[in-house]
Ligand SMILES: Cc1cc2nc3c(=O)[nH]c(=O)nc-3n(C[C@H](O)[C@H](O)[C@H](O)COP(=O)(O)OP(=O)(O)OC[C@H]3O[C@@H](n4cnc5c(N)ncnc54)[C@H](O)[C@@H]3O)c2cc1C
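Consider the single chain below, provided in structure tokens and representing the form predicted on its own.
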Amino acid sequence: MAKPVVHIIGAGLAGLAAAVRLAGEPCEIVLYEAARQAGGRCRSYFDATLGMVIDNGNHLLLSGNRAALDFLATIGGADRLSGPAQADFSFVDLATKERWRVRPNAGPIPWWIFVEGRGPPGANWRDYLALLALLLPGKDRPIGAVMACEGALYERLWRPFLLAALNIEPSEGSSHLAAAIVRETLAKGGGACRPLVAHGLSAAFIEPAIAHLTRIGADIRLDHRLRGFEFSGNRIAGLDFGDARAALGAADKVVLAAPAPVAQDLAPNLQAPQSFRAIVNAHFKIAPPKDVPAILGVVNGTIEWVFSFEDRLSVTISGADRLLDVAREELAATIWAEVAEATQLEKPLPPWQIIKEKRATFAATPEENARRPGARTAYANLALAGDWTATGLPATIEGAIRSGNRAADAIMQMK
């Protein structure tokens, strides 16, 4: 008797995670991707301008991101991550020229907030208590309505942390999503906050996943753009690829792991987030100074995080809609001036690349968070995956992988 087939639409992290989760289950896996490469927004490519392989974005994991770390362990990509042995974040304030490190202790009892030199200057232990308001049960509201978004601690720790996680000005962001991040990382202590950076997104997440799926016999079809579903009652009966069609048997199922706008075009009446936020990444081909930390937070600048690699310095700017219309040359010059100051590197503008992602993530507001659908749908054999679905987390690597896991679990529960 032939095994049922699970058709997975989209080979970004969510689709790959669903496929990996289904490996070993009594089903055949067919994975389709519209692009000529897997990975979606989490991938690497050779940039001809720089003459090197770079990531299309800078993604930071924390040691508390269990779904992501379990995924990497399964596919054999964990050795492509590196980070300090303990939670340690370096910062610089471009306005005051102050530098400091944030070093939470490993356990959940936060004695570090009482120790001078382990947190931002200008903050005292009482200031940390404001974050507790996020953890109280209640209606999802803008963070600014739950806690004061001002003061040294907010500007020098909470704002950079929440802005990076939510990709939106924290005062506008969802208190529920912020609370979820805090509960899974900071509230558990430094042991769950250790920063981890991939040495190549594709090398860590994508290539090992494809290799793993190939070994277990999954059918991976790149350059296959789905044009539409064929419906029979409340079931998906076929997949239309324009020049080809795939008919579904009675026991076959579908995981739709496409971006929200694409998913809405394919599945009628699907509710999904409608508003999105941009991210700007910049890469500079230059060897960083030896004393520059692997990750450097920047306060009071256009830039927010500087990532130091062996052959380049890379920058991430979240909530970057304001920069979308700025000319690339002007933006590169502005960013490099701040990078040079932050890293104390007196060099002219090196070869550079700017990557603007206009719709990088859904807008993590309470309103858009409420529009996120679960993995199950009104269709009997269709499940959803993607960081825009209701994972309980913002649009992060952890959220994307968790969504794939949930979609796979939902598929296996379907009749």
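Note that residue numbering begins at 1 and tracks the sequence as displayed. Because the structure is a prediction, the values reported are computed rather than measured.
Heads up, the form predicted in complex with this ligand isn't pictured, but that's what we're talking about next.
By the criterion of a heavy atom within 4.5 Å, Trp352 is excluded from the residues contacting this ligand in the predicted bound form. Heavy atoms of Leu69 never reach within 4.5 Å of this ligand in the predicted bound form, leaving it off the interface. Using a 4.5 angstroms threshold between heavy atoms, Leu50 stays clear of this ligand in the predicted bound form. Although the partner is absent here, Ala400 is a contact residue: one of its heavy atoms lies within 4.5 angstroms of this ligand in the predicted bound form.
Remark: of stretches 379-387, 22-30, 343-351, 363-371, the one touching this ligand in the predicted bound form is 379-387 (heavy atom within 4.5 Å). Contact annotation: of the candidates Ala320, Leu226, Ala87, Leu134, the single residue with a non-hydrogen atom within 4.5 angstroms of this ligand in the predicted bound form is Leu226. Contact annotation: of the candidates Ala257, Leu177, Ala209, Ile143, the single residue with a non-hydrogen atom within 4.5 angstroms of this ligand in the predicted bound form is Ala257. Contact annotation for 52-66: residues with any non-hydrogen atom within 4.5 angstroms of this ligand in the predicted bound form are Asn56, Gly57, Asn58, His59, Leu60, listed in sequence order.
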